[in-house]
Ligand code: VGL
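Below, in structure tokens: the form predicted on its own, a single chain.
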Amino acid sequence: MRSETEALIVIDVQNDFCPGGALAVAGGDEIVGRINGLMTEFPVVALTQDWHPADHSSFAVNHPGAAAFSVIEMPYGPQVLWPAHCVQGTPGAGFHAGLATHPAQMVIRKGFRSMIDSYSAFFENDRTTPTGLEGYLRTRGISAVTLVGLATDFCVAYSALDAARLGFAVTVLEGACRAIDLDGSLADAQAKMRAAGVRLEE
């Protein structure tokens, strides 16, 4: 068992991000077994879950004429327009059937405000609106977090960068993540994480 000050954060292992889903990450289901094993090693386990309303502003379908994966400017900065995914209450928003959810003590739902996207487990994309995860971890006495899940270059990376900014010691297990790699986004995310002091391990 890891130290009582360490937590495992499992990012968005949901049906829509796995093969066959609306925003599938290649090999997204391959990491489930390893993540289940990791959960037994940590005293604190939290899961995150994308939880979008159907009218979410990050969905290309809500911008007539806009193509999926194009980028628009939102008040909080550039926003990729995604295929509709992880819509509240739909099967796609559910956790992958193979994921062991019972070891988790906390589930953080994010992206539920229609006008702002939320990649990070800690903040929405304005970088200031908190999800509540930081407060939970602080009150549990956590000072180090290990991140796994989907996708390496978006929700995992954003979460890792925010955790480092908040003063946590951060490790990303890349072998327990999978990436979208949109126009070099994986290499860019890796460089940013290393620069922020995030440990990248397999």
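Bear in mind that the values here come from a model prediction, so they are computed numbers and not experimental data. Quick note: we count residues from 1 along the sequence shown, nothing fancier.
Beyond the structure shown, there is the form predicted in complex with this ligand, which is absent from this document and is the topic of what follows.
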In the predicted complex, segment of 144-152, 60-68, 168-176, 36-44 with a heavy atom within 4.5 Å of this ligand:
144-152
Considering non-hydrogen atoms and a 4.5 Å limit, does this ligand approach Asp16 in the predicted complex?
no
Going by a heavy atom distance of 4.5 Å, is Ile180 a contact of this ligand in the predicted complex?
yes
Contact between Phe123 and this ligand in the predicted complex at 4.5 Å, heavy atoms?
no
Proximity of Ala189 to this ligand in the predicted complex, heavy atoms at 4.5 Å:
no
Judged by heavy atom distances of 4.5 Å or less, which residues of 114-148 approach this ligand in the predicted complex?
Tyr119
